[in-house]
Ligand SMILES: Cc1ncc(COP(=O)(O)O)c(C=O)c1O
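A lone chain, given as structure tokens: the form predicted on its own.
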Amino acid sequence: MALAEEIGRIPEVLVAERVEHVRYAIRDIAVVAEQLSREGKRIIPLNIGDPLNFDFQTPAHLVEAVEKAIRDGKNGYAPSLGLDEALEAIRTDAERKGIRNIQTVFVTYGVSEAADICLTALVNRGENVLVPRPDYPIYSAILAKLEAEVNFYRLDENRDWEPDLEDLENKVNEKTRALVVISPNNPTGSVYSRKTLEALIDLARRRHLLIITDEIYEKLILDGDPHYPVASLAPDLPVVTLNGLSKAYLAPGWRVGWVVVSGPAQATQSYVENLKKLVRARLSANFPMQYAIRPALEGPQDHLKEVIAKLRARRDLTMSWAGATPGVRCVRPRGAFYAFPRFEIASNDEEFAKQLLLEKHVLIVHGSGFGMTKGTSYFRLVFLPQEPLLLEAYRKLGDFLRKAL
């Protein structure tokens, strides 16, 4: 029998149904951009929060720490929980921020793996987790993989994208296991007030929910607002705090994140055991890069002043453009490096983003990729690029918008 005929009789590999609902719009739309780039088109990327795509650099003392680790042969497996000196630095940093009752600390392959491990150890099929809408899509993707439900609660645009507490209260049911909090927020750039955080904590206390708080942008607050670590306000509750080197320390490609679990020992014991099982099963996170954790948390923080100054200027440029452009409405972001405007357009938001890319070669992400209802016409803009490039992108976006109005 000819080989081609034999190959033709091989049955198709059946796929897992659980992957059907896994989406990650930030990367998915970039597939089209990659094809255009191969065709020689110059793309302006406002889709992904990678500072190193632009004029930001990883602090030199972190690079030196990793280079030394590699030269010293730290290229094998790390301890499953992480390098001892890194764990000590993370714990000390958490305690310095007022977090008490710390039950475990471990290093992960970025905050994405941290979220995956923490949700995998918690939820069963058919249970649900409260996730803000608009959401950061990694949480929805993980829950889809786990065959658990995403229980969206509303962020209120009219309150600077802070949580709608009444909506949140109404969303809790007997199968709700946890509440995800993201502040400073991706994709809206909001920074939650202490009053809001205390209300979220009160709900978790009354409804017996684990809090998972993603604080990766805690040091990137643009207008001097205070940042309140959720766990520092809730020593009596089980709280999982996620953080890492990607954003404030400008090292996204190193994939270094970590988890701090705090709260009463009796309430967290079984959960911590589950977490440790999963951490051991995946062997370890990147070893040499863990040597940057202590220098990051305990060393010079000088780079942050320049980073925040750049981001503030680019945020202000973004808001000036939004205010001067017909058909654009945008809440002023106060943290991270994202804006989440609404455009007055008639077309589907995903189709608008795709056509903008094809015609103007500007890459943004549609709001429905962040859990928003299709047709609501929100978009995430990353304002990391240098100002001349941002101005060019906004000019092209404005031209395209005028056609769509």
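Don't overthink the numbering: it's just position in the shown sequence, from 1. All values derive from a computational prediction rather than experimental measurement.
Here the subject shifts to the form predicted together with this ligand, a form of this protein not shown in this document.
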{"query": "Interface membership of residue 112, this ligand in the predicted bound form, 4.5 Å heavy atom rule", "finding": "yes"}
{"query": "Partner proximity in the predicted bound form: residue 186 to this ligand, non-hydrogen atom cutoff 4.5 Å", "finding": "yes"}
{"query": "Residue 289: touches this ligand in the predicted bound form, heavy atom cutoff 4.5 angstroms", "finding": "no"}
{"query": "Any non-hydrogen atom of residue 133 within 4.5 angstroms of this ligand in the predicted bound form", "finding": "no"}
{"query": "Sole residue of 260, 216, 191, 179 within 4.5 Å of this ligand in the predicted bound form, by heavy atom", "finding": "216"}
{"query": "Contact residue in the predicted bound form, chosen from 294, 303, 255, 171 - any heavy atom within 4.5 Å of this ligand", "finding": "255"}
{"query": "One stretch from 241-249, 276-284, 261-269, 196-204 that, in the predicted bound form, holds residues within 4.5 Å of this ligand by heavy atom", "finding": "241-249"}
